[in-house]
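First comes one chain, alone, set out as structure tokens in the form predicted on its own.
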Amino acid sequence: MADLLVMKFGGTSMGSAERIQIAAKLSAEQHAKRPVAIVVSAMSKVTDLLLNTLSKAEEGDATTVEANLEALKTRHIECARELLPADRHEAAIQGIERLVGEFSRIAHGMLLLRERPPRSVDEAIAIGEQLSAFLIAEYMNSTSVAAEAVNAARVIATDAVFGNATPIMEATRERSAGVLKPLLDKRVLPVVTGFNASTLDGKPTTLGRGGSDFSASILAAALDAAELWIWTDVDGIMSADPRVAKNARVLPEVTYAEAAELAFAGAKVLHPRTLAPLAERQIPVWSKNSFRPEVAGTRIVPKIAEGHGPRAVTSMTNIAMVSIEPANTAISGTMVMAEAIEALSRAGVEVPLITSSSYTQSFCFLVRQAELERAQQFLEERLSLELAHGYLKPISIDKEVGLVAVVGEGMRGTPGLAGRIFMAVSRQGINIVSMAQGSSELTIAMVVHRKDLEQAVRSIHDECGMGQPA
């Protein structure tokens, strides 16, 4: 649709009546100028509350389940009372009680059965987004801005991988045309729930980590939007974490590839797969701060005028390094690596970095600590014979490491850059445990001891002049 703007509001931007009013104001301002659709997350901390409730239901903890249900209802009713005029309170409370009742029904079913079926979890936790969509739509209608809450299960089609579904774009385009386009044609602002979707035959699904942002990018692509604005609580994508590098600055523009690499390496920007639908259709996206809307933010585009050197440095702390080493040359290290990667793939574990040694045929890789137990289980099962017969040394795990990643399109083919980066780190007496550079030359990554991580980030940031305006 020509000039359509899709805007996404995260949990902190929907976290209170005041924040919802601001999100509605930002939406209404753009709606007065052009067609707008918005995507909303659950109120901050609500998804955690829902997941905790389902977990307690599985454990049979009825007391906590009831307390959580009351907390869920109370928070949203209090928000509605603060948000809406008195003559709209009764209808709003009825709407909230209906949605909380749907969640309660599922939670009590789990309490009875003492289990959490993945399909039921996906249906239940989508209630958080439905509650926030209901609240902001009710508020906008009370201010004479025509808006309608839309359950994304009616719009986004996915496969049946519950908890981490993948969109089916052609079906989503058809659904979007049938559900959202008529609203947009009537100048009604659709308020779409983030994070959730459904299979082709209507089973509820969710989109996994970064799911609400992903929802917004899917809809932007399906509707051929002109732009996507993602509202968060930070000013944009920065050259480093400002808590670590005090002179970190907001980057006015980055490419899709740079944003994806930064996210993959730990920066709190868009999840890498969020960018895929946008890149395919060349839709620009802005990362903006709803707490400081006057700040321009960061524009993410297909290409920018190529500069020299890196654009940003990021780090990841919640990781572990897993090392696998043959005990002798009787076993092929290549074969062991292939089996290990296959095991990690079956486990659904992401690998931020992998390196190998040509002589000993040993190799090491990083996994997120949240996925470590699962990764170890699948590795030990897959390599059980090799470990049992002594062909492999016991799998080694080091949790006291961190990842530093230096990212920039301008690093391609820049002579001496890697040497400068490594020297900047070594001058601080920091030992580099492992390192890797992708074939695209877009990222240089290194593993250092956790205690040295912040100093490594600062030294690289200063060495490459990232704190200076472009």
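Everything quoted here is computed from the prediction, not taken from an experiment. Counting begins at 1, following the sequence as shown. Definition used throughout: the rigid core is the maximal C-alpha set that superposes within 1.5 Å between two forms.
This protein has a second form, the form predicted together with adenosine-5'-diphosphate (ADP), left out of what is shown; the following refers to that one.
Partner proximity in the model of the complex: residue 238 to adenosine-5'-diphosphate (ADP), non-hydrogen atom cutoff 4.5 Å: Contact check for residue 238: yes, within 4.5 Å of adenosine-5'-diphosphate (ADP) in the model of the complex.
Contact of residue 284 with adenosine-5'-diphosphate (ADP) in the model of the complex (heavy atom, 4.5 Å): Judged by the heavy-atom cut-off of 4.5 Å, residue 284 is well away from adenosine-5'-diphosphate (ADP) in the model of the complex.
4.5 angstroms heavy atom contact with adenosine-5'-diphosphate (ADP) in the model of the complex for residue 233: Answer yes; at least one heavy atom of residue 233 falls within 4.5 Å of adenosine-5'-diphosphate (ADP) in the model of the complex.
Residue 150, heavy atom within 4.5 angstroms of adenosine-5'-diphosphate (ADP) in the model of the complex: The answer is no: residue 150 has no heavy atom within 4.5 Å of adenosine-5'-diphosphate (ADP).
Region of this chain that lies against adenosine-5'-diphosphate (ADP) in the model of the complex, out of 88-96, 182-190, 240-248, 376-384 [heavy atom, 4.5 Å]: Looking at the partner contacts, the answer comes out as 240-248.
Of 303, 346, 389, 268, the one that lies within 4.5 Å of adenosine-5'-diphosphate (ADP) in the model of the complex (heavy atoms): After the contact test, the surviving option is 268.
Core-aligned C-alpha movement of residue 95 between this form and the one not shown reaching 2 Å: False for residue 95: its C-alpha shift is below 2 Å.
Displaced residue check between this form and the one not shown: residue 19, CA, 2 Å or over, core reference: No, residue 19 moves less than 2 Å.
Core-aligned C-alpha movement of residue 281 between this form and the one not shown reaching 2 Å: No.
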